[in-house]
Structure formats: C-alpha cells, structure tokens
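Single chain ahead, by itself, as structure tokens, in the form predicted alone.
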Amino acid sequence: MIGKDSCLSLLKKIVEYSSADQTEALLLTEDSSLTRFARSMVHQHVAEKNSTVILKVVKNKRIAILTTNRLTPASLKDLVKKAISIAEVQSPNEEFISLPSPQRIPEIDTFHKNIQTLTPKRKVKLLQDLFKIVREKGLEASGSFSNGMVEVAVVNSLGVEAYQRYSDLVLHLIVQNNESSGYSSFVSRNPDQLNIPILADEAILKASKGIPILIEPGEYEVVLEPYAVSELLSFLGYLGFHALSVQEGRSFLCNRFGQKLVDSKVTIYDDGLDPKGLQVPFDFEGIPKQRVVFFEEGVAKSVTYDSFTGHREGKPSTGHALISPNTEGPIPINLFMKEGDSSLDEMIRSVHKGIYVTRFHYTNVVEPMKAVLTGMTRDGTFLIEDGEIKSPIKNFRFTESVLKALSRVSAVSKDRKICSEGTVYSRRFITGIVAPAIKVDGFNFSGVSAL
C-alpha cells in the first residue's frame, strides 16, 4: 500500500499539472488475492497488485476522462496533457455545473491489519479444515476465497482531499453430492470474524436433506433467506433508487414519490456510515456518504445523487458518485433493509404450502419500470408443508416484480446478514447489502430450471 501522505501528494501534483478549468484525480490501489477450489481441492491461486489513476478534466464544459497505471512524473504529465487536448475537441456538456467542493468526512476505521495474515499458505490451511468437515459428511466443496487491501484517494482543484484504506475478505461456499447442493457465504473487513465450522455447517445442512423432487411451478408462499433478499435489493438499487434513473424517466419511482408502493413492513435505505454493514465514508468524488431512505414503511421517499445529478435539480450530492466514467448513475452500494420482529423458524411455521429459497442466480431484468426480474433458485430450495421443511425440490425459474413481492411481505426477520457478491473481474471494491429473511405471501415461479 502507498499510504495516505504519498497518495494525496501524488494526486495534488497531478492537479497542479493541469491548466483545465477544473480537475479531479482519483487513485485506486489494490493488493488482492483470489483462491478457487472445486471437488474439495484448491485448483487456482492468483494475486494482483496495481495502482490506477483516473483523471477528469473540465474545460469550457468539455469533459475528458483518462486512466493510467503508469505513475511516473513524466507519464502523469503526459496524461494531463492528453486529457486536456481530448477535452478541447469534445462537445460541451451544458448541464455540467461544477465538480464538488470539499466537505468534512467522518473518520471511520475500515482497515484490519490482520488481513495481511491471510497468506496463500494460511488460506489453504483454512480451506483444508473446511474440506475435512465437508468430506466427513460425504460431500464435496467448491467456491472461492478472496481477500484484499484497497486504498481510495481523491483530490480536485476545488479543495477536495479524501483518503481511505480498506480491508476485506469474501468466501463463497457450495457443498454438494450427486443429488443436492447447499450454499453459504461470508464477507467482512475483519478476517478474525471468519468461522469455518459455522460456514460449513450452514451449507452442509442444506445439502443433506435428500434427493430433490419435482413440483409444479406456480404462485407460492415463499420464505427468502437474506442471500435471496439481497439479490432483489441490489436490482432495485440498480434500476430505480438513484437520481439518474428518475431524471431519464426509467425508474419505477417516477411520479410515485409519497405513494405507498410496498408493504408497511418494508423500509429500505442506503447508509455507508452504518457499522452493521461494510462502511464506506465517502464516494469516488470525495463527498461524505449520507443516509438515504428509499422506502419508509412502504412509502417511496427519495433517491441517491452525485454532484452531476444533484446540480440538475439544485440538490446536494448524497455521496453516491461511482468511478468515472459512469453512465449508470449514482447507484447505492450500501443497501439495508430494516429488520422486523419475526424469526426464520416462525416464518416457516406460518407457511401452509410454500417454497424456501436460499438464493437466486442468473437474475436479469424483464420490465425495468415494474422491477420485474427473472432468474433461478439455487443451492437450497425446499418444499414447506404444514409449517415444516419437507424435502428439497428441483430448482425453479421465477418471473416476478420485486415491488409486487415486497407488497406481499407478511414477516421480516429480526436477524440480518451482510451479503456480497464480491468483485473478481473488475477493480476491487467490495460492498455489502444488509438483508433480513422475509416471508412473501405470493411469489411467481414460472418454470422448472434445468440446472
């Protein structure tokens, strides 16, 4: 890792090189490791160290964005020169007002030094302990174990100076035999919180309930684990919880603020400062995170903003800018669904005939304005009858509106879990969604999955 002083010093020099009207320099460093395993054997270990500068220059409302990982003074001067020359031939963006001005950023510790103890040798030892537990149950383990250290620094010509370092680890586990599979996952900034036996037991329990049976698709009561709920929340954030989607008329919230759109048990918000999640104190423009409530007791309230979308409406940024260039909008990355007063067992006992879902995968958008998604269940789908989990079932394909499903929520769990897909193929920046389990009185399964 480069360190705070060196990161900020480097970015200040870049900004000083620039003769543009406004300049922003973002530095991302990464020191990460990914271990993959299958059939209870480690088969791949890869590591990456990289430092990337993303430069944005603005000249007469003409904007250029360039990226480099060559951080020598000569290379950075050349980067600035190229960016300005490219900006000069761009069409002006008349809606651009300004880069953001500095604000006070809260001091939060998002780095645990013990992340450095996760050497390849130690990771293999932890996985061997996991494999032993799984083999004793006649099952095999597959998945991935990723950990990293990241620095984010932002400097702009208006005085923004922000720096934060992060640690993280994500372990995804699937255990299976020839008939069934089960899933569990763990994400944290603190490696000391990883408990291999608990993680293994969660997945083993789901894979040990027998041979899946085939039942007909249709509309059922469902109990969704936090993994499944987090998938739905993630798509809501992407589709409609941010200002750009509203401004472009493609959000399910358009012209519906103040209306009750989902059940009163449902409160969904974004909060990068909440210690129950993976905290992120500022965005990629160096602006502190604000808590934004999307649904409060079912009523549509607000959306997230970055500086560009905020200036369009004369509103301040809520600290949700993503890495430039960003055409998707200020998508929330620290989503929460408020806890309820039920337990998972109570939800199951209340179901006459329904489906228990561990997680979804291959989820895609069908109708953005109605938040209709389609995807498949995976790694732990069970039939519930008369308040008891009876048997694993063949996986379903679902086609359902998330808004419709959330309008049918009849119970929300007291316990919540941090869920994360992690990042493998892009710049490392691990985020998490804090989700409860929920019971939905009517969820449409449109077919049986071949997988």
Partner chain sequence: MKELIQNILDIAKLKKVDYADIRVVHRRTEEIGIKNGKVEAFTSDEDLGFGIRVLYRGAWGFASSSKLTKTEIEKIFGKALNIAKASFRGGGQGVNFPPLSPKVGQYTTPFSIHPLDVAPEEKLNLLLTCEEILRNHKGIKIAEAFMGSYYMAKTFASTEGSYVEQTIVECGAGISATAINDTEMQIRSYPNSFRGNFATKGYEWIKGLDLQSHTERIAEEAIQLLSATPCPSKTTTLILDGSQVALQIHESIGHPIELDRILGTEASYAGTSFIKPEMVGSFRYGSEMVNVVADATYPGGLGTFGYDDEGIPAQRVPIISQGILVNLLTSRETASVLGKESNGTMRADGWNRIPLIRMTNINLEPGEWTLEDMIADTEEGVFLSTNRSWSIDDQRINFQFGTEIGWEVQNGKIGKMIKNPTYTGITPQFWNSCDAIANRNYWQMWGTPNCGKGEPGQVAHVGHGASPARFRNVRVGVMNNV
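Residue numbers count along the first chain shown, from 1. The model shown is predicted, which means the values in this text are computed figures rather than measured ones.
One more form of this protein exists, namely the form predicted in complex with its partner chain; it is left out here, but the text below deals with it.
Participant: Which pick from G375, G240, G277, P226 sits with a heavy atom within 4.5 Å of its partner chain in the predicted complex?
Facilitator: Of G375, G240, G277, P226, the residue with a heavy atom within 4.5 Å of its partner chain in the predicted complex is G375.
Participant: Considering non-hydrogen atoms and a 4.5 Å limit, which listed residue (S144, T110, S157, Q290) is close to its partner chain in the predicted complex?
Facilitator: Contact check passes for S144.
Participant: With the cut-off set at 4.5 Å between non-hydrogen atoms, does S350 touch its partner chain in the predicted complex?
Facilitator: No, S350 sits far enough from its partner chain in the predicted complex that none of its heavy atoms falls within 4.5 Å.
Participant: Using heavy atoms and a 4.5 Å limit, would one call R189 a contact residue for its partner chain in the predicted complex?
Facilitator: The answer is no: R189 has no heavy atom within 4.5 Å of its partner chain.
Participant: At the 4.5 Å heavy atom threshold, is S410 in contact with its partner chain in the predicted complex?
Facilitator: The answer is no: S410 has no heavy atom within 4.5 Å of its partner chain.
Participant: Within 4.5 Å, heavy atoms only: does R104 come near its partner chain in the predicted complex?
Facilitator: The answer is no: R104 has no heavy atom within 4.5 Å of its partner chain.
Participant: Among 277 to 285, 365 to 373, 262 to 270, 315 to 323, which stretch has residues whose heavy atoms lie within 4.5 Å of its partner chain in the predicted complex?
Facilitator: The contacting stretch is 365 to 373.
Participant: Within 35 to 55, which residues have a heavy atom closer than or equal to 4.5 Å from its partner chain in the predicted complex?
Facilitator: Residues within 4.5 Å: R36, A38, R39, M41, V42, H43, Q44, H45, V46, A47, E48, K49, N50, S51.
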